[in-house]
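Coming up is one lone chain in structure tokens, specifically the form predicted alone.
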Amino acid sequence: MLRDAGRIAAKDLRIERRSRVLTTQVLPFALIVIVLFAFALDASTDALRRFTPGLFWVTVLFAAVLSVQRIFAVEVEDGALDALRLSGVDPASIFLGKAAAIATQLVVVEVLLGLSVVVFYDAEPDDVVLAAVAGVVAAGGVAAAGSLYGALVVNLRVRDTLLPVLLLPVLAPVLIAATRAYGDAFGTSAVDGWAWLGVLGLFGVIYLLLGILTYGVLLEES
């Protein structure tokens, strides 16, 4: 199962590397959002530094929606999703491969945004390890949920507008927990970031299990 998942993730990442959607659309979009937040808030550097965790993760979730839409839009073209279904690959492998590809892209987005908030918000993490671990765990949870809901709407005509409506409310626990963890990492709030990291991990485990158990049904219904 893991071998097939790795092949699917590698396939999706090769497609992304050739299309360069991540570098030409998703990353510029995320950077623009970070800059626009600074203009919209019209706040001092100290205030922006205090708001950094929340602004960072709102931007990541917006970028996640674009990444999920792109991953599944490719599968609709030329009946690629039907070919995957008929190939005999375990649906759980398809789910894990999709989630791994999305998570990899999100980690790249997070790295760029991390550098951006240092430059534009003058915000540097006091606990780099906590920030890095929380970023990876949150990316995995977002990717797992995105893979589930992406499969749910992939063949709908309104998938581009419906996906954010369905996915963003589901990701509210990630936004809350990741913001709290980053509040601790950046020293902007007096909370236990490692405890909130546990919430992120629980969210990811739940959606990974849901995906492994139900992805076959979702693919058949899509």
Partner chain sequence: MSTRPSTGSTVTRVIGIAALIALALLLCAAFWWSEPDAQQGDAVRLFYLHVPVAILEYVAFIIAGVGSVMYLWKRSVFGDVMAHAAAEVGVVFCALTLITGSLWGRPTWGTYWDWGDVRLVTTLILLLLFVGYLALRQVPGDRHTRSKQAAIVALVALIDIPIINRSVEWWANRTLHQRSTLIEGKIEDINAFATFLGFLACGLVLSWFLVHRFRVAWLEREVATHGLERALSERRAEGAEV
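Predicted model only: the values in this text are computed from it and were never measured. Residue numbers count along the first chain shown, from 1.
Quick note: we don't show the form predicted in complex with the partner chain, though the next part is all about it.
In the predicted bound form, the partner chain lies within 4.5 Å of some heavy atom of Leu148. With a 4.5 Å cutoff on heavy atoms, Val165 counts as touching the partner chain in the predicted bound form. Although the partner is absent here, Leu152 sits close enough that one of its heavy atoms falls within 4.5 Å of the partner chain in the predicted bound form. Not displayed here, the partner chain is kept clear of Gly187 by more than 4.5 Å at the level of heavy atoms in the predicted bound form.
The putative spot formed by Leu156, Pro173 and Leu218 is fully lined by the partner chain in the predicted bound form; each residue has a non-hydrogen atom within 4.5 angstroms of it. Put simply, of Ala47, Leu41, Ile32, Ala195 only one has a heavy atom within 4.5 Å of the partner chain in the predicted bound form, and it is Ala195.
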